[in-house]
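Shown here is one chain on its own, the form predicted alone, set out as C-alpha cells.
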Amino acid sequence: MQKRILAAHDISCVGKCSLTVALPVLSAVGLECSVLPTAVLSTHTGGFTGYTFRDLTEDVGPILDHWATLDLKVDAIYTGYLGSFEQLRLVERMFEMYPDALKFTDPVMADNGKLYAAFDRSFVKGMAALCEKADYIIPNLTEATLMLGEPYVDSGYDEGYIRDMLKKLCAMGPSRAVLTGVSLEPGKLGAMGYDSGTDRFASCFREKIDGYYHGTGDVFGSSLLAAIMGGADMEKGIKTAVDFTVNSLIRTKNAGTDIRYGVEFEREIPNLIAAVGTV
C-alpha cells in the first residue's frame, strides 16, 4: 500500500518553498502527499514586497473534523511553518489523531540569530512544546538555541558543541534531532544528527554555496523525509538530503536563476529517486 504523508505547511502561489517543495519531492519517490495548508500567499516573503497573505486557521479545524470521519492510514506527519498558537494546538490535535504516524517537525520560526518578525519569545515555548511530541525535529542553529534557551553562536563552535546541543534537543522529547546549517570548517556546510535510541551521531558536509537561497530548508527537510520513508537510516538520510540540496543550489547558481523564486530542485529529482528508490 502506498505510504501517505500529511504535510501541514503554508503555500506560496509563486516562489518555491513549503508545500510547493514538499508536494513534488515526496510525490516523486512514490509517497502520497496529502496537505493541510495553514496559509496562502501570492509569493513567499523573501525578496518580494506587496505580497498577499491569507491565514487559513479557521479552515484547519473543520478539515481535521472531516478527516476524523475517514479511515485514513497515515504513515507520517510533516509540519513546517505554523503561524499562531492556535495552529500549534491544531497540529498537536493531528498528532493525537494519528498516534502511529511518524511525527517529523521543522520548527520554522527563526534564522541568522533572529526570530521572524511574526513571532515573539512566547511562541518559541509553544513550538518547543510541539517538538517535544515529535519523533524527528530538524531545527537550524537559531531555532535550536532559542528552544534550549541558550545564546546563539554563529561561528567558532566545534563538533563537541553541536553534539551537546543535539543531545539536549533529544532530551526535550524527540528521539532524533538533525541540526541544519552546521559548519565545522571554513568553506563547508551541512547537517549533523543524533539518534537517542542508538546513541549515534551522523553528519554530512559539502562545499558552501555563497548567497541566501529561499526554500533550501524545505528542500532539505522534504528530501530527508523521503529518504527516511524509504528505509534510510539517519546517516544515509542526511547524506541524501545534503547532496540533493547542494546539487540543487549548484544548478540554480550555474543557471543564473533569479534566486527570489527558489531553488531549481526539479531537475535534481532523478538523482534523488536513484538515491532513495521508489517508496
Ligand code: PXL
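Source: prediction; values computed, not measured. Heads up: residue numbers just count along the shown sequence, starting at 1.
Same protein, other form: the form predicted together with the ligand, not shown, and the subject of what follows.
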Look at the stretches 27 to 35, 237 to 245, 224 to 232, 45 to 53 and give the one with heavy atoms within 4.5 Å of the ligand in the predicted complex.
-> 45 to 53
Does residue 22 reach the ligand in the predicted complex, with heavy atoms at most 4.5 Å apart?
-> no
Interface membership of residue 108, the ligand in the predicted complex, 4.5 Å heavy atom rule | yes
Could you tell me if residue 81 has a non-hydrogen atom within 4.5 Å of the ligand in the predicted complex?
-> yes
Using the partner position in the predicted complex, report whether residue 60 sits within 4.5 Å of the ligand, counting heavy atoms only.
-> no
Heavy atom within 4.5 Å of the ligand in the predicted complex - qualifying residues of 1 to 22 | 10, 12, 17, 18
